[in-house]
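One chain follows as structure tokens, the form predicted alone.
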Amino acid sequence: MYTLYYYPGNASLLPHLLLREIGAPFELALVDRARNAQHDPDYLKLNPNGRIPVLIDGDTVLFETAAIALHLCDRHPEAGLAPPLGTAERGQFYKWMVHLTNTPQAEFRAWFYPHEHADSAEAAASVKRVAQTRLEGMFERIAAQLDGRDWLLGSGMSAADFFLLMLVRWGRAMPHPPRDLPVLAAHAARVLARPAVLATFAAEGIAAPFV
């Protein structure tokens, strides 16, 4: 039995999506950000960085969204959320997982929390504007690489597609949201058609429109 420490709509959304897609038994443990529970001493024992999510798998305690996702793919190869080890497609899968976590996911940190990167309100506003421009370019490049295919990998749907859905969702309040790019809107619609995705949103109390 897994335990996923989560907060609705946060980076924990990806492992939550994967757990429901896999069909493995798990329980959710809410980390109430409304009262800064991610900084409680007991939670910091699990993730000293004070960020969400954390996955408990027996004696294994993992944080970092992409690491949790890769762990779940490896633990449940029968779910087909990653290509077989040692294949060229597995290399492409790693590329996308690392790109999504290192590039748009990291940039969203500056867009959502610009005050963490500045020492004045004026500087924070500038940080947010620059992050927005950078994110728009990132999503345009992702859309260009996705154009002409249903999924990020030619072999079919993978955990990377769930990851991209989460990031497209995060950008829904941007002046030019990722969904405005037809390729990304169509991709999001394909992922949203999965019953596990709708069940995840329902469990987290997330209402439509999802992206």
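As the structure is a computational prediction, the values presented were derived from the model and not from experiment. Just count from 1 along the sequence shown to find any residue number.
Absent from the display: the form predicted together with a small molecule. The rest refers to it.
Every residue in the set I52, T65 and W170 has a non-hydrogen atom no more than 4.5 Å from the small molecule in the predicted bound form. Looking at 144-152, 22-30, 43-51, 172-180, the stretch with residues near the small molecule in the predicted bound form, meaning non-hydrogen atoms within 4.5 angstroms, turns out to be 43-51.
Of the residues K95, R129, R75, R109, just one reaches the small molecule in the predicted bound form with a heavy atom at 4.5 Å or closer; this is R109. Proximity of T103 to the small molecule in the predicted bound form falls outside the 4.5 Å heavy atom cutoff.
Contact check for A11: a non-hydrogen atom falls within 4.5 Å of the small molecule in the predicted bound form.
Of the heavy atoms in Q38, some are within 4.5 Å of the small molecule in the predicted bound form.
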